[in-house]
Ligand SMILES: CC(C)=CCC/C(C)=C/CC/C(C)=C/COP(=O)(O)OP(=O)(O)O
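The chain below stands alone and is given in structure tokens; this is the form predicted on its own.
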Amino acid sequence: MLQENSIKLSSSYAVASKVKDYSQLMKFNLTFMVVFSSVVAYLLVPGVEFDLIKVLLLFAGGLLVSGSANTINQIWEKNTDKLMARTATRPLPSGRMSETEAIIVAAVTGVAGFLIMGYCFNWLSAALSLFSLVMYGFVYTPWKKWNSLAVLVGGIPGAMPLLIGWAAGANNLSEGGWSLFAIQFLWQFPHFWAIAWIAHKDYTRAGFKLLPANGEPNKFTALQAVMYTLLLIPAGVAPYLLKITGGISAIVAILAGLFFLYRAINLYRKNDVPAARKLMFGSYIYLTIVQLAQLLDKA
């Protein structure tokens, strides 16, 4: 009996450990936030009503495609992940998972997500999902070692969930979808530069070039962050001007934009890691508040 219980416990631990590894490989925490953006865009399409089954299918398709892209990213970066403290314990660099297994996971999840988007929504959203996966996994990921334009390149797949969600609901790429895309595209610059500032030593050790100009965390980098957060203020009002959302969400977007801008100016003034960390957390606060306000204030 004791031996049987021991075997059961061992099996349960093995299953839990494997689930945890797949979660790390596909970056489910990050992916959830990405897919939430897609659902928001889908629900903002004029004429689209909340349908739990459709929302769950969109979540599933998005999680699978994003998970596949993140898996491809980690396959590419298996060796550089060993050099950074925060990534060294991931399944591939730690040796808990083989590269072959990761390739199978990426292929299965990518194909499954693509088919869900195509059959349950439309093939435009499926094509955009595939484009986003290729851009992130095969263009942005290797570009990170070439130059800081990687942030610009990565901003495209990073904002694609909004276009994918819009296309899933509208089956077109009208100005409404592009206005939502623009907000998340601009948002990514101060967001990723704040992260790159905080993790500068690790990124330098791994050979990643994500900060502008000479790649150093300095006043110029902070000024760039200020410029993009400033651009977010008019961009945040665009959905209201296009009659996608109401006036309340526009006011919220302006106030959230001013808060985000203040955090960026604070980084320019203090030029240190604590200020960069505040900007990073401020970016999460901005995006969450703005997207919830848009969802609750749909025109």
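Note that residue numbering begins at 1 and tracks the sequence as displayed. Fair warning: this is a prediction, and the values are worked out from it, not measured in the lab.
One more form of this protein should be noted, the form predicted in complex with the ligand, which is absent from this view; the next part is about it.
Though the ligand is absent from this view, in the predicted complex it lies within 4.5 Å of a heavy atom of just one residue from G177, G169, P157, G113, which is P157. For the options T109, S132, S148, Q224, the one in contact with the ligand in the predicted complex, meaning a heavy atom within 4.5 Å, is S132. In the predicted complex, no residue of the candidate spot (Y42, L44 and F121) has a heavy atom lying within 4.5 Å of the ligand. Proximity to the ligand in the predicted complex, taken as heavy atoms within 4.5 Å, picks out 72 to 80 from the listed stretches 98 to 106, 72 to 80, 169 to 177, 224 to 232. The shortest heavy atom separation between A264 and the ligand in the predicted complex exceeds 4.5 Å. The ligand in the predicted complex comes within 4.5 Å of a heavy atom belonging to L30. In the predicted complex, the ligand lies farther than 4.5 Å from every heavy atom of A253. The ligand in the predicted complex is approached by R86, whose closest heavy atom lies within 4.5 angstroms of it.
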